[in-house]
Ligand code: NAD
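The form predicted alone is given below as one chain in structure tokens.
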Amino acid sequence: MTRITIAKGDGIGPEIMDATLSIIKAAGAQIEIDEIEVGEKVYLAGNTSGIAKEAWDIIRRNKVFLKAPITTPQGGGYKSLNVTTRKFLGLYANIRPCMSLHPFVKTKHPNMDIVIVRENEEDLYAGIEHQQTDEVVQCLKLISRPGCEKIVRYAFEYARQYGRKKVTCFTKDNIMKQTDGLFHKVFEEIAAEYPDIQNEHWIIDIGAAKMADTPEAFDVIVMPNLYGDVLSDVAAQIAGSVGLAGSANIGTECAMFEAIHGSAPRRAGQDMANPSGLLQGAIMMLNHIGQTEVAERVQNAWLKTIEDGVHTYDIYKEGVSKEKVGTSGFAEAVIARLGQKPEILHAVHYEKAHSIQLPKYTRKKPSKKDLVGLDVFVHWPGENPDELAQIMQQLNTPEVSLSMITNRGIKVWPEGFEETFCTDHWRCRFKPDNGGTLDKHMIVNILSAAVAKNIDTIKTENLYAFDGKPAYSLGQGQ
């Protein structure tokens, strides 16, 4: 018996949760339930996170959380509970299976059966943003080696446990050579540890195009956070419907399972909503807690229900569907088919599944780290980079000189182009004249001179070499 936490959420949430629980209990799920309240009522009661401290305590104690969709009120500084939960509980992996149900659910891709494994904690979703000048705002993209290793290794372990043949990595490391470059590098390192599983890497743009056109070319796809967020919704939609897809959010200690769709308040209380997305999340939960036989029984009954043409309004189609049912009617149809298997759709058989446990991250021996330059970002309303260069060269010291100015990453000095449009946000790079290293006193001298000359310095970035290799981007065109 496993004790889990549930939240019925908002909108259609209570209806689809009741339907989901009725199905898995009828299938023999060995669970005990603690229910918490999250979402709109909690937000409007004055809690901007949408969840009370006592509810956190229950989730952390039970470690397994099945959550229906919630409504986040517009405005007022309300924070996404999904994002908050993933980060607070260290739910580093988001798993979204996307399988077509052809010919019973309309799709252009009848042979599609892929799993998106999305990094869940970092990347641009760290949410670190600043307005730096009148014209420019910044969002920091943070990619860590531990984050990469956890998500990539999870993708390969998932593939191995569920009999998948190939893991594909999508990045944009031809442009973001440091951040996406690290993700790709770690993928190559870990792929070498799994010789039984094929591996490949695609640049995200052409990879996304290929996935949208020929999804059957892929099996498991692992991606950084933003790409995974976008493409998992694309994958679910082209498979048939976002409304049919569930997801798992997996951490070292805790896990959360949910539908990927929203709370659909317009459909609330009408016994119309399709519970399939949340049911798919619950099936993943059952596998996670080791109740594999129950998960298999539910999934096959669900497939048989779809195959028999018993459909809710969102997938009902004249000539294909045979019976239109509501939320509760769909649950009853699935329950009636427990123990049956589909005849046209592929029946599932789960080998004994379990929560995937990764080895503890081991920090590698520190590299030799040398300070080799300084980027000074300034707010300057002028337009001519040559004029700015004359101002910034006043900060030169006997050892360090201005070597480059960029605007939005494009080199504009020296030898810039008049055609390049510039904003009021400039990166001014200082490097040692002898190509050696800096010490912190040199940086202090440069910044002190900037203050003395009323230069509006908005941020600085130290430039490092690790084991002699420069670890920073060049200016575009440099």
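Since we're looking at a predicted model, the values are computed, not measured. The numbering used is simple: start at 1 and walk along the sequence shown.
Beyond what is shown, the protein has a form predicted in complex with this ligand; the following relates to that form.
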Practice task
Establish, in the model of the complex, whether 20, 29 and 286 all lie within 4.5 Å of this ligand, using non-hydrogen atoms for the distance.
Solution key: no
Handout entry: Option touching this ligand, based on a heavy atom within 4.5 Å in the model of the complex, out of 95, 245, 334, 273
Key = 273
Exercise for the section: Note which of 107, 199, 82, 299 lies within 4.5 Å of this ligand in the model of the complex, where distance is taken over heavy atoms; exactly one does. Expected result: 82
Exercise for the section: Mark residue 148 yes when one of its heavy atoms lies within 4.5 Å of a heavy atom of this ligand in the model of the complex, and no otherwise. Expected result: no
Exercise for the section: Using the partner position in the model of the complex, report whether residue 309 sits within 4.5 Å of this ligand, counting heavy atoms only. Expected result: no
Exercise for the section: Indicate whether residue 267 is a 4.5 Å heavy atom neighbour of this ligand in the model of the complex. Expected result: yes
Practice task
Examine residue 262 and determine whether its closest non-hydrogen atom to this ligand in the model of the complex is within 4.5 angstroms.
Solution key: yes
Problem - Stretch from 140 to 148, 392 to 400, 310 to 318, 219 to 227 whose residues place a heavy atom within 4.5 Å of this ligand in the model of the complex - result: 310 to 318
